[in-house]
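First comes one chain, alone, set out as structure tokens in the form predicted alone.
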Amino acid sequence: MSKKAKSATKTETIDGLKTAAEGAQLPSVSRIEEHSLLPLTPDANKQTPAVGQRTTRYDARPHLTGQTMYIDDMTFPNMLHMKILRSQHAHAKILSIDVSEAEKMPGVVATLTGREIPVNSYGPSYQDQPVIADDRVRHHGDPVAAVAAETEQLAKDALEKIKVEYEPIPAVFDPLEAMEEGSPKLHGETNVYASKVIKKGDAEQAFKDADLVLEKRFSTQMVEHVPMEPHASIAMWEADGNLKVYSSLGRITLGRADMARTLNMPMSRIRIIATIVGGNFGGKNEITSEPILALLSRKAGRPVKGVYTREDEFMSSTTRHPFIMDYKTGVTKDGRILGRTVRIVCDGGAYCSWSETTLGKGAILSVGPYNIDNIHVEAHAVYTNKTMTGAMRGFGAPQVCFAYESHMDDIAHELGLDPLEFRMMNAFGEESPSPTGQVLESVVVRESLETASERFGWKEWQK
């Protein structure tokens, strides 16, 4: 071997590591530095510089300047517009649907009825809701047919040409009446489709031991979300047979699953693109017209847009659940709560949607953030011939919070106690058990009450 070759393979040792010398083709290795362990607690304003600092929302400028693109701002070549014909009956059998006159109108490209939908049912809990009603309507606003036309006005005009023959059925609008044996039934043999029971201790014995037992009924109403942007979507089919949907849905993964089921096609062939949402509040947690748009688009071979009117929103989108709540509480004369029973009747409207989840949340939270050793909670979700109820901001919690706090005020008044002191006496603390047996940690109910009362000036106001 020549001296030149030997020189090329010569190596040096540095701190136990070998590095290439003089023209060798091996990668160089830097010296290893010894590092101390990172501190368990980062220095303030070092690793998290944004905390405590004012920041600008990245979407503030386009919102303020009107450049934000919502569904209704979007358009595609040859795009059609959809309108939905809705039931004028709260409860009726559909005897026939004739769309022939609508199809003859200039500008109308496609129509759709429930019998054309591959799997005509959906829902996040129970699949009890039709995409388009085909044999029966269960509330005033159920979709019965849809039209895709060149303009929104043409689609709206075409709805007037659709002939639907109904046979009205007795309806029920009061959830308490709906629970009775002889009431009209919406699905199956009973209108009660979900129940929850929570028991702890012996509430009846607690009432016997109490110095005061107070009973009161509370009720809440149906509330519409009224987002500034109504429900809106655009559907189109790509050349490879895949479906693309632009939607204001808040839960696109759930939407894909529901779309795959109703259209009877693999989820992998469905792409839902979430656009900027102009208000949700829980009301856009599930599909509405997306399968209708998809099927109309396939029939027409063109993109189809659908935007709800405000009337559509009130008639057929989900609302907050109305609750009827019966409270009974036993207390000692000095203000200690011994026992409480709660009965909740949740008006679910025509279909389940998120009612089962709402019922569970409401039942667990209905006793309130108070230490009560003896409780009995009974909750039921009930079908009625009203607009469907669903998710809305803490669904189940606001209703019972209103009831148990109103009830606490009533009890304090009867006992002649300060409502704040009455709450402080019974409030959860560290390691308090919840009604379902969960041991609670990091509980700051009392601290929160103290801070709020100080800032409000509760003691001064009481004088």
Partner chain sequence: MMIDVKMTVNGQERTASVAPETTLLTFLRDSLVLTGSKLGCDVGDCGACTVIVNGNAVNSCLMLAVQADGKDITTIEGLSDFEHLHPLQAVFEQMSSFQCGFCAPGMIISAKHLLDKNPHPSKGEVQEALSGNLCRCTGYTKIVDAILELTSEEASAA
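Remember, it's a predicted structure, so these values are computed and weren't measured experimentally. Numbering follows the first chain given and starts at 1.
Below, we refer to the form predicted together with its partner chain, which is not included among the displayed structures.
Of the candidate stretches 123 to 131, 186 to 194, 226 to 234, 345 to 353, only 226 to 234 has residues with heavy atoms within 4.5 Å of its partner chain in the model of the complex. Heavy atoms of residue 70 reach within 4.5 Å of its partner chain in the model of the complex, making it an interface residue. Interface residue remark: residue 110 is not counted as part of the site for its partner chain in the model of the complex, having no heavy atom within 4.5 Å. Contact check for residue 392: a non-hydrogen atom falls within 4.5 Å of its partner chain in the model of the complex. Contact check for residue 279: a non-hydrogen atom falls within 4.5 Å of its partner chain in the model of the complex. Listed residues 333, 163, 310, 115 were compared with its partner chain in the model of the complex; 310 is the one with a heavy atom within 4.5 Å. A single residue from the set 62, 433, 416, 429 has any heavy atom within 4.5 angstroms of its partner chain in the model of the complex; that residue is 62.
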